[in-house]
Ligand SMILES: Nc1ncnc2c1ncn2[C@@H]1O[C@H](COP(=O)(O)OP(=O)(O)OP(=O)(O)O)[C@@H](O)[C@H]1O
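Okay, so here's just one chain, in structure tokens, the form predicted on its own.
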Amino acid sequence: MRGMGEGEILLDIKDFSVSFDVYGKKSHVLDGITFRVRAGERVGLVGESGCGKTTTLKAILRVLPKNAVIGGGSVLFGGRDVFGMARPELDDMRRRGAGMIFQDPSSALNPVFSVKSQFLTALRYANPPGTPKERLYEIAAEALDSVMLPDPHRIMDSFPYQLSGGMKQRVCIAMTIAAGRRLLLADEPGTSLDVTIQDQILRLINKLVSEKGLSVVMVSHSVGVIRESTNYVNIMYAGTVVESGATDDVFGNPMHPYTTALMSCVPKLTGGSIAQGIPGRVPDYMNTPAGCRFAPRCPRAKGACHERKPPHAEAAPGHYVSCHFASEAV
């Protein structure tokens, strides 16, 4: 796939919807999500557990379960529709275009094979046929060194159970970047690690993005992680993008009631009171509300909120909100 200049649109998701067939019924998970990722950009997806963040990442790689049904819209990578790609083009996109970093490195690595065996297998898939094994080994060692793992050759000879959680996550990151991919899909890469190692992993990803000119989609339910790791953010709720814009703008001036409620749940260093959760629960995807999906939990909901879905409109320059009454934000 051809290279891209800084600022060009690498990933473009337009009004994309996905449902799942579950025992003869439809679970409407993604409902018309729209966002872009430009070359060299760090984009966040933040929201409660179960809001469709991981499903969005799987759609980008076209690895959705067999019971998934595309309800409309498109996922464009490098200007090409991922769901319209023939198998050779799809394989090329996965080899050199986008790769995923999973939240649990222990499940991403096979415990019965050495790191070297798994790393070289991944590189054979990503590199031209006939690439010498010695060259693949060099690429792997260089990648392990770039993620600040000491003694890459010892790591290559190790089995996953011999490595700590942080080391295994660094191995997974190295395997993703060694193939020369342009987009990293980071699915809560530090959630299964302790907070100090989580911080190291997030700093490492930011460093690699800056040095190598990569793009990243960072998924998290932590507002703090997204605020520190991205320059553009999409707030997701129940399979919809309810607010999007520059990270500082969205968190500095939240316009959607859900964003405001989400931020109120973050504990304050100054103390003063215990952070409260958001009343209610995420709607049943088999029986979603007719209008705004957040309306049943929204303190500002009015008649229109329960009747029709709000458009994702520009409420301020570069700041988009899906709310009928965004102008009333406080």
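Computed from a prediction, not measured in an experiment: that's the story for all the values here. Sequential numbering from 1, following the sequence displayed.
Although not depicted, the form predicted together with the ligand is the subject of the following passage.
The candidate spot formed by 20, 29 and 53 lies fully in contact with the ligand in the model of the complex, as each residue has a heavy atom within 4.5 Å of it. Although the partner is absent here, residue 264 is not a contact residue: none of its heavy atoms lies within 4.5 angstroms of the ligand in the model of the complex.
Shown alone here, residue 67 lies within 4.5 Å of the ligand in the model of the complex, counting heavy atoms only. Interface residue remark: residue 49 is counted as part of the site for the ligand in the model of the complex, having a heavy atom within 4.5 Å. Residue contact with the ligand in the model of the complex: residue 285 places a heavy atom within 4.5 Å of it.
Only one segment in the set 36-44, 301-309, 53-61, 287-295 has residues whose heavy atoms sit within 4.5 Å of the ligand in the model of the complex; it is 53-61.
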